[in-house]
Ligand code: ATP
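What follows is a single chain, given as structure tokens, in the form predicted on its own.
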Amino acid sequence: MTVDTTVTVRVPAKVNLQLAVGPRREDGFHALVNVFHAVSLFDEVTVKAASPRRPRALTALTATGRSESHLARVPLDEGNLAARAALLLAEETGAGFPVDIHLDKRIPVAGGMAGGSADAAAALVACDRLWGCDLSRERLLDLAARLGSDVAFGLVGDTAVGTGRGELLEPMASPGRYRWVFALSPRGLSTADVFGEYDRLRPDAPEPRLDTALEKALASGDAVALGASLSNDLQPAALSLLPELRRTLDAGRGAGALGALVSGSGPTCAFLVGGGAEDPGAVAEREAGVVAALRATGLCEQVIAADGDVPGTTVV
């Protein structure tokens, strides 16, 4: 029998096609209806048995990534969600031995695309494989939900609606393939700060509901209808905290994007540039125009393109 000594798991970023935020609950979380869509920006998390010579903490983390400014926002201690995932799995199963966890980060950090949550999902899968826990998918999803609202979606991928605080997932029919452009900001936004600003701006938020127009657009593979249906209740709060994002959104829309919104709590801005039954040449031309317009603003650290949807965690 072959025993794994190193396991690498690839996990995608997400964009929120709809993020409906309800009132703050007694437990401090907000009721959400959150339509997740996995896109082809991937982190890779590699877990390997630690050297007997290093200190015997359960985890030691390292990271590489897009830029030094983004990596500076990645905690490399027990506060990192990937480390917390390994610890939770060890506590729940009684298994586990010290491991080194390396994060190769291509998902924007503190960008509203669930990079930290994605890494936690990947760490769960990698440690489960390395330690021989062999947990069921349902058990892994339960542990993921305990780690954070977005972690479970990293395991699932594709397109799904999350309710509760976002962790209760149901797949959504989405046969279309879509092309996206993402504008990465040189600045980060704290999720807690954005939710705090949301509470200030909208103290009497109604209960959230799934947008039926969005549901129909996804089911039909209609890129134009999908672009018109994108929505994010946190966007006004993100724009309040980082007003230059409005210029970024306006630039992409003015260049022909079918839809535009702040992704999650921001500050990454997402632009739908085509898909479904559209002519690929027309999509490529629209993408080039949006990319050029965003770069011309001088507000973006990077502008990158990706496809969606894609599967969740994959052992590579």
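Just count from 1 along the sequence shown to find any residue number. Everything numeric here is computed off the predicted structure, so don't read it as measured data.
This next part talks about the form predicted in complex with the ligand, which is not shown.
Judged by heavy atoms within 4.5 Å of the ligand in the model of the complex, the contact stretch among the candidates 72-80, 86-94, 240-248, 127-135 is 72-80. For the candidate set 181, 140, 103, 156, a heavy atom within 4.5 Å of the ligand in the model of the complex is found for exactly one residue, namely 103. Contact annotation: residue 230 falls outside 4.5 Å of the ligand in the model of the complex, judged by heavy atom distances. Of the heavy atoms in residue 191, some are within 4.5 Å of the ligand in the model of the complex.
Under a 4.5 angstroms non-hydrogen atom cutoff, the ligand in the model of the complex lacks residue 152 among its neighbouring residues. Using a 4.5 angstroms threshold between heavy atoms, residue 168 stays clear of the ligand in the model of the complex. Shown without its partner, the chain has 103, 105, 108, 109, 110, 111, 112, 113, 114, 115, 116, 117, 119 in segment 95-122 as residues with a non-hydrogen atom within 4.5 angstroms of the ligand in the model of the complex.
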